[in-house]
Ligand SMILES: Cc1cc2nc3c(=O)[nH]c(=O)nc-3n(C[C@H](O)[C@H](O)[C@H](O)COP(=O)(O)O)c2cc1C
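Okay, here we've got a single chain as structure tokens, the form predicted alone, with questions on binding and movement later.
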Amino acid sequence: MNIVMINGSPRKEGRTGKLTSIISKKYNLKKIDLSELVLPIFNGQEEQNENVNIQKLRLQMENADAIIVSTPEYHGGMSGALKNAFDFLGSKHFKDKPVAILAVSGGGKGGINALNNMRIVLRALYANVLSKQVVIDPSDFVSEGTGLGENASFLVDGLIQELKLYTQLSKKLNEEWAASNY
């Protein structure tokens, strides 16, 4: 099962990057890190299709069976870096794929607006976003940001288990559908 996780934060040392590192290591997931994968600002021009980082992003997403997206909440929405990455992608990268979403909050605002913002954009890309979602607060990190506390780990584990279940079901249904239409 090829699950790809996106760190939607442009910050090199941010909590969202720490969260995606913790999760990708624990579950042995491939990771797209938008603090490292520098993308130009989307302008819809054909020459952007030649950009190596855009091609890399598209290939990883196209080959994914499922996707996990994590973002900080910036001014009531997802990060601009994440929205920009989504703009380079299309329905072929998301259609029929289960997607899990997480937000990393700070400043007591809760992350729910970023989650809702991601849902709107992912729905436009035909993603199957799980109803279960997780918000991680600064207090959820332990061991100087290298681990998650018991409650946060429990929530993330449940999200990953549900994503894997839906991915298996989705693959099976797609195979059965394909077989019945030939």
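This is a predicted model, so every value here is computed, not measured. Note that residue numbering follows the sequence shown and begins at 1.
Omitted here: the form predicted together with this ligand. The next part is about that form.
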My question is simply whether Val104 lines the interface with this ligand in the predicted bound form - judged by any non-hydrogen atom within 4.5 Å. yes
So, Lys164 and this ligand: in the predicted bound form, are they within 4.5 Å at any heavy atom pair? no
Any chance Pro72 has a heavy atom within 4.5 Å of this ligand in the predicted bound form? yes
Though only this chain appears here, would Gly80 touch this ligand in the predicted bound form if you measure heavy atom gaps against 4.5 Å? no
With the partner removed from view, which of 43-51, 30-38, 58-66, 110-118 is the stretch that lies within 4.5 Å of this ligand in the predicted bound form, judged by heavy atom distances? 110-118
Where, within 30-46, is there a heavy atom within 4.5 Å of this ligand in the predicted bound form? Residue list please. none
